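One chain comes next, on its own, written as structure tokens: the form predicted on its own.
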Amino acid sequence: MYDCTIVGGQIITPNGPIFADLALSGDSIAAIGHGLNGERVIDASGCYVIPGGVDPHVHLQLALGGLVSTDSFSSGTIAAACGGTTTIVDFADPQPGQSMGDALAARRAEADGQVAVDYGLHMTIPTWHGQSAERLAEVPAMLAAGCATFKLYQAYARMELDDVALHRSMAAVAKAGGRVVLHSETGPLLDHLRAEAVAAGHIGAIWHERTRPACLEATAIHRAAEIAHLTGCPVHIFHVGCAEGVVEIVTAKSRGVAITGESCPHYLLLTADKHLGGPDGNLYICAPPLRSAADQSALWRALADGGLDLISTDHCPWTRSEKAQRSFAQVPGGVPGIESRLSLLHHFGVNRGHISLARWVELCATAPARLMGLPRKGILLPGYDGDVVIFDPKREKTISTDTLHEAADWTPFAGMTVTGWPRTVLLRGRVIVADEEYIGAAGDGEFIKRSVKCE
């Protein structure tokens, strides 16, 4: 007799859906088969049974320029849980003079006891760390502490690394056995273009997109891929938003570079025309910026054929008032999206024929778990964590701030009606969302130590 069985649903496997029961014992999946008996039975009739989503790119209670992003570790992970995501990866960001170890301890102190789902942390290598052999000597200790991935930037003052620092940092990560995750844009030139635009009086939101041309995203990816190849460091490109960037990733893969890439729902579903909508244009400022419908088509193709490897959210929420700045150059970048990822990809991806059910699960759970070093997450197999989502493919929901648990007072997907929404969510065998209602508790989630394998 198992602790719990989930019966009557279609389990989405890497080879497609199968009708079978799934049994849980303790915090793990115990068996998949027919006629399994459990002390508790959950009826999944008419629903898909899928692994809990893994979102490897979120920013909860991020301190930036005197502001703190709107979702706390508590509210953000509750929203994630209600959207079918049971593991997130956020960031530890060393401040000037702070060691990586101290940054990790400080970030864990913020999250532990607050998170509703499991979490990991990327370790950021900011400018002064990337230029310091002493600081880079901390990398192996961070691997041992469970931070298997290291965030590097090619843009943003205080964060950006020139090519020499990028090479030095990637070499250190490769030697320690880690993976780099990268914000890839040509930062110094973007700074110049933005300053020129503002000086000429161009302060409207659309100038955010016009001063961050796609070619400067693509050329940054090209340089990063070459440096990664030279150092033998696997590199994952965050938030790819343009066709040119996809081409660089696919071309690098064909040369044998250990490179992967992701996109996000806002790049798939929104265009730069959102910046032309009057005062609300500032809301959609994020980096890299929203692009065109042609770019969206290229992203969907790449998600289907393997050119891109996964979908994250880059959830970085700010309120309307925080976004309401006079100039685009002053607007904090980022949009919310942690809760609706699975449903948006199901509705606009699966239902519209862009991706299969199996690819949907691969993009939102299996691939991010594999690439980010979460060996017990992302797939439904005996021995894996009992992170399970019962997803109702016929449930219609119109997205709004009233239907989401995110803390921001706006959502970029407002008014979109999706067919398909998570009904029940289990974290390591425990129900934390039942009939779309969050019933978990603060601290249900745990810090997960990660290690990556070079592929």
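This structure is a prediction, so every number in the text was calculated from the model and none was measured. The first residue of the sequence shown is number 1, and the count goes up from there.
What comes next is about the form predicted in complex with a further copy of the same chain, which is not displayed.
**Q** Can I379 be called a contact residue for a further copy of the same chain in the predicted bound form at 4.5 Å between heavy atoms?
**A** The answer is yes: I379 has a heavy atom within 4.5 Å of a further copy of the same chain.
**Q** Even though a further copy of the same chain is not shown here, does G46 get within 4.5 Å of it in the predicted bound form, heavy atoms only?
**A** Residue-level check for G46: no, no contact with a further copy of the same chain.
**Q** Find out whether any non-hydrogen atom of A144 is located within 4.5 angstroms of a further copy of the same chain in the predicted bound form, and reply yes or no.
**A** Outside the cut-off, so no.
**Q** Is M416 one of the residues lying within 4.5 Å of a further copy of the same chain in the predicted bound form, judged by heavy atom distances?
**A** Close contact is absent here: in the predicted bound form, M416 is far from a further copy of the same chain, nothing within 4.5 Å, heavy atoms only.
**Q** Counting only non-hydrogen atoms and a 4.5 Å threshold, tell me whether S292, R326 and W410 all contact a further copy of the same chain in the predicted bound form.
**A** Not a single residue of the candidate spot has a heavy atom within 4.5 Å of a further copy of the same chain in the predicted bound form.
**Q** If contact means any heavy atom within 4.5 Å, which of 316-324, 269-277, 100-108, 180-188 contacts a further copy of the same chain in the predicted bound form?
**A** It is the stretch 180-188.
**Q** Have a look at T127, T219, N351, S72 for me and say which one sits with a heavy atom within 4.5 Å of a further copy of the same chain in the predicted bound form.
**A** After the contact test, the surviving option is T219.
**Q** May I ask you to list the residues of 203-230 that have any heavy atom within 4.5 angstroms of a further copy of the same chain in the predicted bound form, in sequence order?
**A** P213, C215, L216, T219, H222, R223, E226, I227, L230 sit within 4.5 Å of the partner.
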